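Just one chain follows, in the form predicted on its own, and it is written as structure tokens.
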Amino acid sequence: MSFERIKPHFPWITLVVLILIVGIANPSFFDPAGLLTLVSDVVPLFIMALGMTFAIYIGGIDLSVQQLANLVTVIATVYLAEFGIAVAVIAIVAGFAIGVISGFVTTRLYVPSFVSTLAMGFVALSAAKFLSGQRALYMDAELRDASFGWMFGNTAGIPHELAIAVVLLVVAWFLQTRTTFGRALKAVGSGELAAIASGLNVDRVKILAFAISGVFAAIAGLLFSVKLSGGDANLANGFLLLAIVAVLVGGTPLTGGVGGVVNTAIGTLIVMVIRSAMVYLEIDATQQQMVFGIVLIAAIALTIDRSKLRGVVK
């Protein structure tokens, strides 16, 4: 069996192997309540990675998601008292707007996506620092519970945040696999020049992909804010690397065109298991970032479509 034939199955094989290894080393890992807690804890990361998938699926990348999530934590905290649950709409609109601007700069000004989204990330960071006065902010507990307490309850033992993640996964899956837009995403990711030649409005597809990434990052930021009962310009720091790793180890390569949101769900679970193993082994946060950096390099090397890089000047 050739490497290319088993390559699509690598993510779930990796997940199963990691679960078995961690479970053997730490049998308490298989405790159902503990597993539910672990999965619930990675919901904001999963939602951020879910949105990132759309940007990577078309052969781009969105480096603004972390700072956008940070901005939303500040927006939600500052304006909760004034707007109540409607602050969620403000957050999503902000995410959509930043995503659209990133897409516009990428497509109309011909700025590579890693530069345009990095720049918009700095814009979001500056806005977060300005709104927060460069200090940590805290939500009023009663106002938070009145507007968003339902997000973190349980029904039949299932955490509501996990249900939110499943709903968003289904929505993303439907967009990717059951709509004309989803087929256009795949066409752009598989071969942009061919998509243009077929008459597809590639610019519009790309702008919408970045807009979706922004919306999902905003939702992740809202969950961060409500869960931690506050906002800060640095609250989601460290999640950009993990989101990229989740998408890539799930099997959606930087060259785009293959993989998708279900793969990202698998990739997020892989990240969760690796983090759990490192916590069990008492590896500190700095070293964890180093490990995920190495995993990122390996994921890029294993998933990237080198045929699309022929003729590219390194």
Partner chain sequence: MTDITAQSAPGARFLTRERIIKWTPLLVLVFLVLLFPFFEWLEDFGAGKEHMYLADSRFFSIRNAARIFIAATPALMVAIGVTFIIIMGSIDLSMEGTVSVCAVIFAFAFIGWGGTLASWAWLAIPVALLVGAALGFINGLVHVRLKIPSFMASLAMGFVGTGLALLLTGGDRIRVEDELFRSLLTVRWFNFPIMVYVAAVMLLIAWFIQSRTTLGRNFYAVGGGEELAHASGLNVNRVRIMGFTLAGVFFAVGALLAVGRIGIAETATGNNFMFVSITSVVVGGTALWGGIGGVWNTLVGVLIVNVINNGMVVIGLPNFLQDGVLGILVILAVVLSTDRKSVSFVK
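What you are looking at is a predicted structure, and each value in this text was computed from that prediction instead of being measured. Residue numbers count along the first chain shown, from 1. Whichever C-alpha set is largest while still superposing within 1.5 Å between the two forms counts as the rigid core.
Below, we refer to the form predicted together with its partner chain, which is not included among the displayed structures.
With its partner chain left out of view, the stretch that reaches within 4.5 Å of it through heavy atoms in the predicted bound form is, among 69-77, 87-95, 223-231, 237-245, 237-245. Among the residues Leu208, Leu162, Val123, Leu168, the one placing a heavy atom within 4.5 Å of its partner chain in the predicted bound form is Val123.
Although the partner is absent here, Ile270 is not a contact residue: none of its heavy atoms lies within 4.5 angstroms of its partner chain in the predicted bound form. Proximity of Gly23 to its partner chain in the predicted bound form falls outside the 4.5 Å heavy atom cutoff. Not displayed here, its partner chain is kept clear of Leu15 by more than 4.5 Å at the level of heavy atoms in the predicted bound form. Pro253 belongs to the set of residues with a heavy atom inside 4.5 Å of its partner chain in the predicted bound form. In the predicted bound form, its partner chain lies within 4.5 angstroms of a heavy atom of only one residue of 271-285, namely Ala285.
With the core held fixed, Ser40 shows a CA shift below 2 Å between the shown form and the other one.
A movement of the C-alpha atom of Met278 reaching 2 angstroms or beyond is seen between the shown form and the other one when the two forms are aligned on their rigid core. Once both forms are fitted on their core, the CA shift for Thr255 between the shown form and the other one remains under 2 Å. Note: Ile19-Ala298 Cα separation is 3 Å or more shorter in the predicted bound form than here.
In the predicted bound form, the separation between the C-alpha atoms of Ile297 and Ile19 shrinks by 3 Å or more relative to the displayed form.
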